[in-house]
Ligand code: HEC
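What follows is a single chain, given as structure tokens, in the form predicted alone.
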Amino acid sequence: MRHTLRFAMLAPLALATLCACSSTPQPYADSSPGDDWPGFGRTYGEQHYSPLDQISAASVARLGLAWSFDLPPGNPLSSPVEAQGVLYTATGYSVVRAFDVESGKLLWEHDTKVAEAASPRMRNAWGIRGLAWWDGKLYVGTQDGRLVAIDAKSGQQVWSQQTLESGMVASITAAPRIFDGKVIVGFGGGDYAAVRGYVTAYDAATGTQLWRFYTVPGNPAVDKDETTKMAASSWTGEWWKLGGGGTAWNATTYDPETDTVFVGTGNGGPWNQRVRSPGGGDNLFLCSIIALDAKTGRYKWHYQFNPGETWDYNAVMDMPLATLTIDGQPRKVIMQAPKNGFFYVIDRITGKLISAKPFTKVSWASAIDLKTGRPVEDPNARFPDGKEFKLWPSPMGAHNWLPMATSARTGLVYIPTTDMAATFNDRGIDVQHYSRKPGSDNNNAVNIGYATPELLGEASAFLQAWDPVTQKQVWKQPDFGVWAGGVLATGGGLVFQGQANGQLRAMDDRTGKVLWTYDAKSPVLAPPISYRWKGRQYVSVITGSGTTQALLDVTRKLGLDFVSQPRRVLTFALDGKAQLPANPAPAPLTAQPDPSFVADQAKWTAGIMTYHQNCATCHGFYAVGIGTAPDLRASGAPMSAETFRSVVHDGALISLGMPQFNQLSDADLDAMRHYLRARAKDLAAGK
């Protein structure tokens, strides 16, 4: 089938109207020439595509490092932005930096002082995934819930708004998105506390709140907002006491033609629907795309990927816009490859599903019914009657938040894909009496009906080119490990993607052939960007591993650890001649002497559960360090009950990125300390 793809282009009248609303709309138009990369996906349509072609299949062999900048410890997994010859980054606890594009000189640094807030909202030290530029200002979210506007020239704060409601245990990790002189942001936290999701739009110039849309209903007896009136009938029990989840912690897309904002929503909180909504129901608007009126925030339509979601199959992945020729007719669409393993093409005017096909191995459903838009689920997928179900994809997702790219040149979508399973059951779970401690972290929500994922053996990752019209794979390139990095496509016929083994590569966009590689000496998982300044095209990317369970001990295998792992801003151009220094030697991994320790099986079992519920995301499965936080098998803290409590429970190191887990009981702390001492003994024995 012949087909074409083109991005949503602003009609002259629409462009004139948009220009009347703001002084600088052009960089965000999908039709812009690509000189700047002002937002996470470059343009309103979030395609992660640059039309620039100076760096091409013919010239990429000349691509070299122009400059680099070493970042301090902290989560670096973030996408930069660029505007008017200045590159901006946000990493760690939302520290923003500005660099001269040509020289790499640091122009200024702005610390949002997240660590000083010492907030219990700062869960798991996720870091910040990006920022946005608009009309001379930068916008960044913080882990304690603020949306901060910064003057792009001086680095001084212009305004700050606390986006979280009183008492919420949540944090902002997403890059804010810009539309029509407004800035929109959501937050994350539904996995860890009683959180009700929402998104909020602010005036980009003043920070004045303009509207708020709740993504799941509240208590029908108290809350009278639009979502509660529409969606409460799709929930059962007293879900609001557990929060509901549905947080919009990553992607938002804007269509200026229809003045519509599209919001991707997260999984249920808690995961297990039998706990969250014991009588079943679709549980709107979990795992959905919601279309909202950009001026008012009023509901237009929604499409739900997983009605009654129960596997952490959130739908917060990037949602690019395009116009596809399907059956001879142009269709204005929005596309998504969510966690659940199906690729969806949806009419963005009506919300009607056009097509959906699996892009990797899927076991939970055999198909998506095009008449109803609903999945045809495997009858055992919800692990009934204590049965165990092997779920493909795992909760890590077939595609997670690291973005795919959509090329106007080829009409293809390039999806970073993970092929991995998990086993689910809820044996031994008291679904009728589960509770979450109000106003505090509670990771037990994550482990309801969730067994340890099979990260090794069967698991793999790859980058694939996908035809959104025929819904077929065009080519596939294997990846390193099980965590696939973000993608950039360009008008030069190239697809850029990094790997966990430190290799940044450029591939032919039509064949997948690798044309260029660069050894970054550190994991390259963040999405690259490309832009032009003074006639020269650049590619920039941030290196270093971020907080993710999927890496396991990849960085250790590469000879990297939390201390020695380089975290850098790299910028490339044709004929670049800069060189990276050799990596420092990794710190020796030696267990602390602990001759008095005697393992107790009951404590060990309780400790491994508590550890994996609270600590594995940063410190690694089975306490094997993954490079984003210290390896606790070699730490002295577990050797002292007083020190361990001070760090874990009381938050003594919160300013260094170690969150406070004050919901843990003395018994929890004792069991976890016991487990870590056992793991230190294993390390000393070479296990």
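Residue indices: 1-based, along the sequence shown. This one's a predicted model, so the numbers in the text were calculated from it and none came from an experiment.
Beyond what is shown, the protein has a form predicted together with the ligand; the following relates to that form.
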*Do residue 44 and the ligand come within 4.5 Å of each other in the model of the complex, heavy atoms counted?*
no
_Residue-level question: is residue 28 within 4.5 Å of the ligand in the model of the complex, judged on heavy atoms?_
no
*residue 614 within 4.5 Å of the ligand in the model of the complex, heavy atoms*: yes
_the ligand contact at residue 623 in the model of the complex, heavy atom, 4.5 Å_ = no
*Given the ligand in the model of the complex, answer whether the residues 490, 494 and 520 all have a heavy atom inside 4.5 Å of it.*
no
_Contact residue in the model of the complex, chosen from 637, 66, 60, 52 - any heavy atom within 4.5 Å of the ligand_ = 637
*Taking the ligand in the model of the complex as the reference, which of 359, 240, 401, 562 has a non-hydrogen atom within 4.5 Å?*
562
*Along 466 to 484, which positions have a non-hydrogen atom within 4.5 Å of the ligand in the model of the complex?*
none
